[in-house]
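Take a look at this single chain, the form predicted alone, given in structure tokens.
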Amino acid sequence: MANVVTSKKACTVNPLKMSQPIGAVLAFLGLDQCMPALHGSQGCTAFGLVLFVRHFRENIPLQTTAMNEATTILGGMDNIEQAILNIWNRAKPRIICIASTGLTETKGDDVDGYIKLIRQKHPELADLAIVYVSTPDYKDAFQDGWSRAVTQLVQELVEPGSVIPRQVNVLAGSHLTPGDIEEVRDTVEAFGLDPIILPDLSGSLDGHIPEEFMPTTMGGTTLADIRRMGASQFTIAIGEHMRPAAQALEDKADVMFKVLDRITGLEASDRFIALLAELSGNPVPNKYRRQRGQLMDAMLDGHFFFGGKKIAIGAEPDLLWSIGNLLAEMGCEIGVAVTTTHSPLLEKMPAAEVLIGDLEDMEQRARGCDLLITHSHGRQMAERLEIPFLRMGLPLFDRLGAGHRLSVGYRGTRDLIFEIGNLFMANAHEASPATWMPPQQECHDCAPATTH
């Protein structure tokens, strides 16, 4: 078991984590015809907007209540009311989702009370869904904000109903890319099941060009789909931080659930496929049997390059758990594990220590490692340490196609093994001009001097 340590520095020097409101906004961006808004200053919203635009390279709908010094002291009801009315009149969304910030949380605005008063005052908003989630950015981190946002959506919008056969819910974690979620959808549908994915970034942030402009999100989980999640036969939660949302769904609509801590890796993918086969009653399609064989062959081809390598990883807990376990299964040593917030998974990490800290902490510990894995803000660290660098997580602003990266299931795990293995091979070639070959093993069936 890993020893979980929290950094005691007076300040964060090179941030690894992002705030709760940013995680909540990204979850809201996975809803169809939604307008997310941050209850705080304009600067808070501008930061999140720039971050998402750089990562996804798409138009990002995001509004603000534009709090200033006076309204922060006096209370933000007027700002929230004006923001809701402006959004409704200009964009006509199906749902407005509001996340708090440290500014308004410190003041203690009663936003739930404000929304009730606004609804009484404006009956024209009767058909508009409005969801508010408390996400103070002075505590916890990105995946916590995502988790709280999805849990709030479930608690406020899901309606219990008679079970619809073969309909299943998939609660997607914040560590899944739009490409990952699309792979999950295809896999679930291959078993003859009808998935409702919440949030569904594969519909809204998959990089498609729409036929016409919309001021709200374009694609994702519809409001109608969220409401009928209470009639599903089962819920699959991907990522430990989705457990509260799955539990809330069971408490409200009596829908049983199972949490899959990861779906990256051979054993983890096997568990996912076995669950789908059990839920559907159908045999595993041949294409997944073939993909499993391809993954096993990739693991066999790659283990020569992975064995004994020392890895430094900096990521949100569920992404750290997913990638760290895959690398450990491939024979790597997790020499440095740095994360952003607490999680019950951290003590189970295949590492001696897990540090809740920043990228400076990671850099101080990563000397002598063979590979660095974190988001794009780790690029200068990799240059200073002269260590190969794999970009994973959010933000990825110095590479194209961040939204289409795939690392789940048999196919995604296979491609990730190839990507990391190629980094190891390239570094070996740079270190030595001679052609690198896998270590040869003595054949005990032949003469001692003979090798394969």
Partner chain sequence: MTTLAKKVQEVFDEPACGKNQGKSEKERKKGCTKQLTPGAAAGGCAFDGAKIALQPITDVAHLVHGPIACEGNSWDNRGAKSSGSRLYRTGFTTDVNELDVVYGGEKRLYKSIREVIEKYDPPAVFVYQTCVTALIGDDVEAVCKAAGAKFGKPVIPINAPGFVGNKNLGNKLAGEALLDYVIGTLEPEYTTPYDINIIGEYNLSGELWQVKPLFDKLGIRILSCISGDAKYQEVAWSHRARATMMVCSKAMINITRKLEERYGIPYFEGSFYGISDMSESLRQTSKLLVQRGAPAELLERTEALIKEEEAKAWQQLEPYKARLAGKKVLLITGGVKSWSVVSALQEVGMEIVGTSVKKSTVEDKERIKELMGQDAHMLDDMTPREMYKMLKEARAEIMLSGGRSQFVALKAKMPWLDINQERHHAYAGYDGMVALVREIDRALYNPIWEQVRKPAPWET
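Positions refer to the first chain, counted from 1. Only a predicted model underlies this, so the values are computations on that prediction, with no experimental measurement involved.
The same protein also has a form predicted in complex with the partner chain, omitted here; what follows describes it.
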property: Residue contact check: R379 to the partner chain in the model of the complex, 4.5 Å heavy atom; result: yes
property: Exercise: G75 in contact with the partner chain in the model of the complex, heavy atom 4.5 Å; result: no
property: Q82: touches the partner chain in the model of the complex, heavy atom cutoff 4.5 angstroms; result: yes
property: Touches the partner chain in the model of the complex: I209 (any heavy atom, 4.5 Å); result: yes
property: Location of the partner chain contact in the model of the complex, chosen stretch of 292-300, 220-228, 102-110, 185-193 [non-hydrogen atom, 4.5 Å]; result: 102-110
property: Any residue of 1-40 that, in the model of the complex, places a heavy atom within 4.5 Å of the partner chain; result: K9, A10, C11, T12, V13, N14, P15, K17, M18, S19, I22
